[in-house]
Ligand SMILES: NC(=O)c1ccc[n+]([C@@H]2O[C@H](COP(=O)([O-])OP(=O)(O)OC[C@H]3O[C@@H](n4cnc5c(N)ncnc54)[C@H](OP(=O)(O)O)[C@@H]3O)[C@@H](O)[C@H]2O)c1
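Next up: a single chain in structure tokens, the form predicted alone.
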């Protein structure tokens, strides 16, 4: 079968190439999925460029891709929740990537039937952003009436998070550029801040939660806008000690990380705040919950651009450009 592979760490164009590999052989707890569409995420190019090799090193050539939608063509004897012919979507395990391929083997408990009212491309854009957001909001204990700031409202994470927060009854602040203000508002955000015309620090204050998708100074500034006892959930900021332990990082690395987040540690104490760097865990059951919300039209997938399978490298370059409004998709079949 044909698959995109990482040949070595480095530049996207130089490090990726198509190859002919054997079709996966499934285990008893797995299904074999014929891939129809695969969602592209920043983690894909970051892994290729070697930015995450301190956490997980690759053996080359290595598979690439985590989000997928397709059809079950084989199932293991232990898989009871799925049948051959089922249309599914999934975020595969970090230990078993490879959705930028014609077939992929996936643990059955990581798979859900895809929402019946969306196509394969729309479904493949949901898993990573949906699971990351669900788990972030769970850590924040977000509830109806809470005020939340979601940065980068026009991106893949932002477009989903705005809709999900509104489905929970939260009041949503978000940031975006001038050209995206109108359609981000249509997603349901209560206050859209045009960062080219306004400083969000002058608009947002005393809120319950910041969903930090940008890192850097945005992580530090989050503590300026939360109320006393507020929460900052980050997917781009400094790694907290709890997460470092979850990653099984050694004591020396944990010490160095503690030095890096000294400013955050002071800010946490000053605001009696909660801070968590979230590591998303794949979950078929949570995707089933999202399926219900999509079928109820409380959440609508937002796609920016589709690329053919042969243009997968161009899809990754486009994702890295930061221009996407919603999700970037590779159409495999």
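Numbering follows the first chain given and starts at 1. Because the structure is predicted, anything quoted here is derived from the model rather than measured.
Unshown form predicted in complex with the ligand; subsequent notes refer to it.
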- Query: Quick one: which of 178-186, 221-229, 251-259, 164-172 gets within 4.5 Å of the ligand in the predicted bound form, going by heavy atoms?
  - Reply: 178-186
- Item | 4.5 angstroms heavy atom contact with the ligand in the predicted bound form for residue 51 | no
- Message: I'd like to check something about residue 98: if you look in the predicted bound form, is any of its heavy atoms closer than or equal to 4.5 Å to a heavy atom of the ligand?
- Response: no
- Message: I'd like to know whether residue 235 contacts the ligand in the predicted bound form, with contact meaning heavy atoms within 4.5 angstroms.
- Response: yes
- Message: Can you work out whether residue 324 and the ligand are in contact in the predicted bound form, taking contact to mean some heavy atom pair no more than 4.5 Å apart?
- Response: yes
- Query: Among the candidate residues 157, 92, 88, 209, which is the single one with a non-hydrogen atom no more than 4.5 Å from the ligand in the predicted bound form?
  - Reply: 157
- Note on the structure: From 264, 26, 280, 62: within 4.5 Å of the ligand in the predicted bound form by heavy atoms is 280
- Using the arrangement in the predicted bound form, list in sequence order the residues of 194-223 with any heavy atom within 4.5 angstroms of the ligand. 195, 213, 214, 218
